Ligand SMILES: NC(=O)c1ccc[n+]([C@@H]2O[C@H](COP(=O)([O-])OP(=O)(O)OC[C@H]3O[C@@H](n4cnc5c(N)ncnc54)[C@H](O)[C@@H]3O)[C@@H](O)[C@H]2O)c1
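Take a look at this single chain, the form predicted on its own, given in structure tokens.
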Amino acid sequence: MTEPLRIIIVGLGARAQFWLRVINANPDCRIVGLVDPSEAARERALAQCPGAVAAADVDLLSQVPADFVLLATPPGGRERQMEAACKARLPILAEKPLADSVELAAHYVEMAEEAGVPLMVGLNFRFLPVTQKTISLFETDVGKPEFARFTYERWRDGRLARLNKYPLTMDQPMLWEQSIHHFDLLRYVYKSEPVQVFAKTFNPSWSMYADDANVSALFTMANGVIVNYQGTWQSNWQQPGFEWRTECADGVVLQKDQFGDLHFARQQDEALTAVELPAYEQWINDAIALLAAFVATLRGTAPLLCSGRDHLKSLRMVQACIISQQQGSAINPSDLETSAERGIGQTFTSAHQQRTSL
């Protein structure tokens, strides 16, 4: 019988609480290490993980035998964590975004590929049942997508105890922490890369965030799909709003909730048809699927999904929005790649194949 994969979790804050629950419920995984500078956070996590070892520093990664590390930490300040994981030759599952700059994220990707360790970024929205069903509707009911409107409106009270506090003071918090999910979904669902981005970011007068919490952007994808995007963390109404409508060759797909409420209609239909989706618990089922995908990669039974290298393409959309805002012009994200980044990954495949015998 295959032994459970041993996991070290770095970062024991709000997001880690979901991971502790998901991992402890998975018989194919076992938490052996916990890292956080907060003694209170370590004690809380140790109570949930009998037999695990806890430490304040990532030196633990080279001291405790493990099969991979999960970085449930903020995107800023991960360099020592990445260095420790790569030095220990531990595969990495990292919360998104990988870093708070594209250049640093590219450095991390190169670091992992040179060390020959798989690096997966937790783009959990790809694993939502509603996302998977949307893709199938294009293939079976409404035809090829041509244009779309994506609207996300939220009053995100960043002062709540259950939420991480660092977005309150970071640059472009909406883009880096929320829109990155949406941009990744656009690439994933429409199966194409952006070739033009025109964006405006701003902060309403009542915002609690130090930098822009509102994003408006127009994306043109390589396959011709055009997306009008609007996202905000500081909608001035506590009730959330979400609508993702895709116009297709034979009809329309309409998602009315970030985690479900999916409908479609053909051109001549008088009403929308509701799409049945499986039961879903927010932040849990998607994390279960993410973990299972990474475990399958390490077992050698599935390819690496949401790789760090692929993640750079979504981060380039964030970077393109920022530059477009600054310059007042349209940006092609591929023009922002450096020659070094185009070269990373070319020697990774053979190195990774040596690690898929876990």
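Throughout, we count residues from 1 along the sequence that is shown. Treat the numbers as computed from the prediction; the structure is a model and nothing was measured.
This protein has a second form, the form predicted together with the named molecule, left out of what is shown; the following refers to that one.
*Asks:* With the named molecule left out here, work out from 234-242, 88-96, 220-228, 262-270 which stretch has heavy atoms within 4.5 Å of it in the predicted bound form.
*Replies:* That would be 88-96.
*Asks:* Considering non-hydrogen atoms and a 4.5 Å limit, which listed residue (148, 72, 142, 120) is close to the named molecule in the predicted bound form?
*Replies:* Exactly one residue meets the criterion: 72.
*Asks:* If you check 133, 187, 256, 181 against the named molecule in the predicted bound form, which one has a heavy atom within 4.5 Å?
*Replies:* Of 133, 187, 256, 181, the residue with a heavy atom within 4.5 Å of the named molecule in the predicted bound form is 181.
*Asks:* Could you tell me if residue 62 has a non-hydrogen atom within 4.5 Å of the named molecule in the predicted bound form?
*Replies:* It does not: once the named molecule is placed as it appears in the predicted bound form, residue 62 has no heavy atom within 4.5 Å of it.
*Asks:* Would residue 37 sit within 4.5 Å of the named molecule in the predicted bound form, counting heavy atoms only?
*Replies:* Because a heavy atom of residue 37 falls inside 4.5 Å of the named molecule in the predicted bound form, the answer is yes.
*Asks:* Does the 4.5 Å heavy atom contact test between residue 20 and the named molecule in the predicted bound form come out positive?
*Replies:* Outside the cut-off, so no.
*Asks:* Hey, in the predicted bound form, is residue 41 touching the named molecule, heavy atoms inside 4.5 Å?
*Replies:* The answer is yes: residue 41 has a heavy atom within 4.5 Å of the named molecule.
*Asks:* For the heavy atom contacts within 4.5 Å of the named molecule in the predicted bound form, list the residues of 7-28 involved, in sequence order.
*Replies:* Contacts from 7-28: 10, 11, 12, 13, 14, 15, 16.
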